[in-house]
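First, one chain by itself: the form predicted alone, in structure tokens.
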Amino acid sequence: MDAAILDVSVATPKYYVKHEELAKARGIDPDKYRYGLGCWEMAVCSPGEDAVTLAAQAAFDLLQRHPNVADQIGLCVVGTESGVDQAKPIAIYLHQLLNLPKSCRAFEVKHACYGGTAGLQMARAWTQQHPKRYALVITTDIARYERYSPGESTQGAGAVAMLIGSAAAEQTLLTLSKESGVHANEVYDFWRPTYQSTAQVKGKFSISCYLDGLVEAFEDYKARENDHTEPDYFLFHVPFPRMARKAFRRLSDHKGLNYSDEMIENVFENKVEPGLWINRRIGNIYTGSLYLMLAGLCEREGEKLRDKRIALFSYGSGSCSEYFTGTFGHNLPKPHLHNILNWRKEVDVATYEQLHDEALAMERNQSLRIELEDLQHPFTFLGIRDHERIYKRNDLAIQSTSAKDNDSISPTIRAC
């Protein structure tokens, strides 16, 4: 049996700010964000949330839905560009927080936003060798830029966890094509030096690199894969939602489909937009953006996806691209994204700025902090002591994850 994505789960921070309010505070026409970038809302982390806690939440929710799988997890791989340590991977923190088996490989993959796809392909190969065991692939990132910078409006945060295993079509969410097309090219379009907490980006150049990578990866795929049937849906890496429109147009033109402006809008609405709505409401989550769009598509289309064919494009600055396809199976549970979104709290721009600065300060300072609000999260980052990161698993909060709209969780906790 083919290795496949069996299920997917999403986690996002407690807070968000509306792009309309951010635009007003920055003296910018709100339409530039809403229509020019396609952004509606932006997830904002509290100081008690980081790439580890978001990843733990997404993976925990996934394992809760599959209680008989946890003891058979043999691989835990995290794709991220928000690593918390130069040597210690996020995956090993998850190994402890999630009580994964001792006989489990745990490591981190880095290549900008491509890291999640690299982890997924590793997991597929591993599960084909170990058909009775399962792999966890988690993408987790915090897209954070300097306040008032051009990239500020393309921030976001979140994690997507995927369960990978060998299963028949009726048990799978998505079976991926055996072949994929790839393209690598060393460029400086987006990067974050080790001495900086926020990224450097050449916006227009990065868009150009993305589109070039799309065409090159598609051509490589076409040369390797015999099935050239036009997919029913398309998923793209989404640094900002408007990028998906640019990518779909470029790919359609490259294929020689010769869509008119009106026709391409109609095709886009049917083949791309059904998954894109969730990215508009969370923002850029780097390695997870492509797979967040997958979760959004599953939530929006549901059972309509059975046996439908999909194309996926992953891009990581620096750069590496991959184009591949898949076929939806019959196990199409909804990720309950609307519950997650309704659980969040909107904050004003002043509060967003405070949270933004506090999170950066917490990383720089050797200090511990905790507030009652943080204990509403199943997993909390308490701070740094003696150069060691301290996390807490909040069992009482975990018991409340089945009701995301419950806002009155007791602060009493115990560590596992």
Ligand code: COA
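Being a predicted model, the structure only gives us computed values, none of them experimental. In case it trips you up, residue 1 is the first one in the sequence shown, and so on.
Not on display, but discussed next: the form predicted together with coenzyme A (COA).
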| query | Just one stretch in 70-78, 142-150, 180-188, 220-228 has heavy atoms within 4.5 Å of coenzyme A (COA) in the predicted bound form, so which one is it? | reply | 142-150
| remark: As a check of understanding, the residue in 203, 302, 131, 101 with any heavy atom within 4.5 Å of coenzyme A (COA) in the predicted bound form should be identified as 203
| field | Heavy atom within 4.5 Å of coenzyme A (COA) in the predicted bound form - residue from 26, 66, 32, 389 | value | 32
| request: Report whether the minimum heavy atom distance between residue 264 and coenzyme A (COA) in the predicted bound form is within 4.5 Å. | output: no
| Is residue 246 a contact residue for coenzyme A (COA) in the predicted bound form, using a 4.5 Å heavy atom cut-off? | yes
| request: Using the partner position in the predicted bound form, report whether residue 236 sits within 4.5 Å of coenzyme A (COA), counting heavy atoms only. | output: no
| in the predicted bound form, residue 323 touching coenzyme A (COA) (heavy atom, 4.5 Å) | no
| Complete contact of 82, 162 and 291 with coenzyme A (COA) in the predicted bound form (any heavy atom, 4.5 Å) | no
| Any residue of 306-327 that, in the predicted bound form, places a heavy atom within 4.5 Å of coenzyme A (COA) | 315, 317
